[in-house]
Structure formats: C-alpha cells, structure tokens
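First, one chain by itself in structure tokens, the form predicted alone.
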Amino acid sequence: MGAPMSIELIVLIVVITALVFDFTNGFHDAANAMATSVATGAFKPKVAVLLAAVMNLVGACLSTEVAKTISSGMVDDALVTPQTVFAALVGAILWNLLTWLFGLPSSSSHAIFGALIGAVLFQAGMAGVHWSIVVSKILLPALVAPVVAGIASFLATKISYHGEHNAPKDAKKRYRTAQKVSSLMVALAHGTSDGQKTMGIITLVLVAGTMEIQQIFPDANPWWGQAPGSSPHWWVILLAGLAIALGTYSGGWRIMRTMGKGMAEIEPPQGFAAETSAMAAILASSHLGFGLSTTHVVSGAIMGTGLARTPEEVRWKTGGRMLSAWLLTLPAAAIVGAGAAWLAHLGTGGFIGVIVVLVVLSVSIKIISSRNHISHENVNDSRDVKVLAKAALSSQTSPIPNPFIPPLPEKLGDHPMANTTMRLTQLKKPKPKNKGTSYPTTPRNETPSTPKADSRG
C-alpha cells in the first residue's frame, strides 16, 4: 500500500499526536482543579484556567515516576512499535473528545491506558502487557482513591461546618481565600500526575523507534534515541508540560459545568474541603508511581462534600452517568486502540487512514459542540450540558428591547410608568367613545369604589 514511511517520520508524527493528546488531557481535566473554585466564586473563570495552566506546567517538571510506569512498567517496550503507540493515542484522543462533548468527566488517564493495552494486545498478544502492574498501579488505585478522597472530604466538610457555628460572618470569604491556595495545589498535583503520562508515552515511542532502527542498523544512535527503562529527555518533559498547560488554559468548560454545578451545589467551605482532600490523594499517588485518575479523585471528593452538607441535593443521576463513563473508558478505549492498531499496521495507506479518521471525527465533534456552546461567560448558568437539544435561554439573557416601552429596571417601582394608571404593556390610553365620557383613575393597589346610586330615581 505505497512506499513504506521512514521510522523517523513515523516517530515525529507520533510525538506530535502525543502532544495533541496532552492538550486534550489539559482541557478535559481543567475542571479537576478549578471547577469548585469557579462555582463558589473564589476565582473568575479565565483567571482560574490561567493559574491552573501555570501550576500544571510546574507540576509536570517535578517528577517522572508515573512516566516510568507507563514507558517501561505497564507494557513490554521490546514488543511495541511506534505504530502501536500512535494507535493508542488516537483511541485516547477520540474518547476524550467524545466525553468532553457530553460534559462527562471521564478519565483521560484510563483512556490512554485502555487504548495502549488494546493496541499492544493486537500487536503482541497477552505477553505484551504486564498485568500485575496494570492491576496494582492502575485498577486498584482507580477503585480505592475516589473512596478515600470522598471519605476525607466528607470528614473535612463536617469539621468545617461544625466550626462555622461559632465562626465570624465573613467565614465564607475566608474559605474563598483558602480555596485560591488549595485549587492551585490541586492543579500542581494534576501536573505531577497527568503531565507525566504523555512524557511516558513519548518516551515509549522513542524507545520503540530506536530499537526498530537498531534492528536494521545496529550501530545507529539517533539524537532522539532512548534506551529501555531510561527517564524522559528534558525536552520531552518541557513539551509535555507546555502542551497540558495550553490545554488547561483553553478551559474545557463543558466538563467544568458538570463538576462545578452538575453533582452538587458547592459552598466555599465545601470547595476547600474537596480540594485539599483531592490534592493529598493525588500527590501521594504520584510519589508512589500510581497511574491514578485525577478525575476520579476530584469527583469522589465533590460527592463526599455534597453528602456531608446536603445529601438530598446530591444529583445521583449525574453521578450515575459519570460512573457509567468510568466503567466504559478502559474497554471502549481498548477497542478503539485495537482497531486503530489494525489499520495503522496495514502500511502507509493504513497509517494515513488513521490520521484522516482522527481529523474527520475531531472536526465533527467540534461542530456538534458549537450548537450548545459553553464558555467562561456561561459556565455557571446551568447544571446541564446539552448536546443535540437546544439549550434554554439563560436567565441573564436580555430580551430584544421594544423601542416604545422603557426597559424594566431591577425594582419595578423605579419604572417611569409605575405610578401611572397605564399598564406597562400598553403604549397609550384607550380613547373614550363619547366626548363627555372619561375613564376614572384608580390609585395603584386600591380597588375601585362602588358607584353611588342615582338619587334622582
């Protein structure tokens, strides 16, 4: 199917695709750090995502333990080809875009893990996956971490509201200030966890490309070459950090609406409790090299704080949709990854075909999302994320003004026509039918008096 592509070109395309995935990871997970702060008013939306982007970049440069787990721990890098990694990235990107469209805070981490497992299974079979690592560092943390974060957030919320009985009136203002610190720390923790995942993917493709070249030219040592088990290059760390930071700055407002408003109404004390609990869980898991889903952790913390204050207001329907997306992420991404791997290994035509599919589906999802556009201006206007149905007009949307009627002010009594006998919807008084007849005027809020009987009989 055409002349074979050079290994160097394939590696370059895969690295660029990995950075695209990192960008989608950033806007998909921006809500993890800032949804509660935006919902409570601690940060304005645009300021929130800017600061989160900076902290994600810093966090991505602090550690490489998670990157090592992905590049050499989860799969056998000796059995992986650049085409396999490319297929995994395509599967993860498409799943991220699809769940973003529906406003579902699914796991970008599990998307790339599932897609990579599916692609490797197609390429190398069961021997290509280190199942013990998958269970111990991916599946078990996925089950345990949200529960731990939820319990910690529940207890922290109870303590916060117990102390608030004797707290000054400006306690919520102080919690908003504390949220500014805690949300930034969550963004930092997110960078140390999710920022490293793309580093691991790029490192994996560099190792696979180097080994493939050395099979043909044993003494070859390309400048980008990498040995199995080694840490990411400095330029890989920098590019991955920048890509996730740019993605975070783009906002991901659809998912931010779901996490900030869709699960429970959050007050400043709750936001602070949820953020500190999530931050502790994410930082601990990153230190241990767990491929943890920050989305799962933050969602668990939000549900925990909602149960602690107003359990009757927790929106279990939204939680059920999220749980369904969590359960589907690994197998669905694995299926897409395996299908992309099959197509990518058909030769140059198949590889280009995967690129075309990725571009066409990505553009289609973007066009569909524009039907119900969500941005920093309307992220808090509703609880729901609409896809095909037309969204209702926001309460903040002004109607088209009538040039003949003065606009209604916030207080109706201030309207220039409020103290007249004319109704606000009328343009002028009706003309009397007879010249000598006039319409009685009735003061506002008074009932008309009963006419007196004619004494002339």
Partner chain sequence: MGSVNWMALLQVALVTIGATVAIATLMSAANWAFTPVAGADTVTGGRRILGFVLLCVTGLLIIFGLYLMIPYFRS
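Positions refer to the first chain, counted from 1. Note that the coordinates shown come from a computational prediction; the quantities given were computed from them, not determined experimentally. C-alpha atoms forming the largest set that superposes within 1.5 Å between two forms make up the rigid core.
Note that the form predicted in complex with the partner chain isn't included here; everything after this is about it.
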{"item": "Contact flag, residue 317 vs the partner chain in the predicted bound form, heavy atom cut 4.5 Å", "value": "no"}
{"item": "Any non-hydrogen atom of residue 75 within 4.5 angstroms of the partner chain in the predicted bound form", "value": "no"}
{"item": "The partner chain contact at residue 307 in the predicted bound form, heavy atom, 4.5 Å", "value": "no"}
{"item": "Proximity of residue 136 to the partner chain in the predicted bound form, heavy atoms at 4.5 Å", "value": "yes"}
{"item": "Of 368, 357, 238, 288, the one that lies within 4.5 Å of the partner chain in the predicted bound form (heavy atoms)", "value": "288"}
{"item": "Candidate from 380, 226, 276, 123 lying within 4.5 Å of the partner chain in the predicted bound form - any heavy atom", "value": "276"}
{"item": "Segment that reaches the partner chain in the predicted bound form - one of 250 to 258, 141 to 149, 218 to 226, 111 to 119, heavy atoms within 4.5 Å", "value": "141 to 149"}
{"item": "Three-residue site 160, 181 and 292 fully in contact with the partner chain in the predicted bound form at 4.5 Å by heavy atom", "value": "yes"}
{"item": "Within 4.5 Å of the partner chain in the predicted bound form: residues from 206 to 226 (heavy atom criterion)", "value": "none"}
{"item": "Per-residue C-alpha change between this form and the one not shown, residue 127, threshold 2 Å, rigid core fit", "value": "yes"}
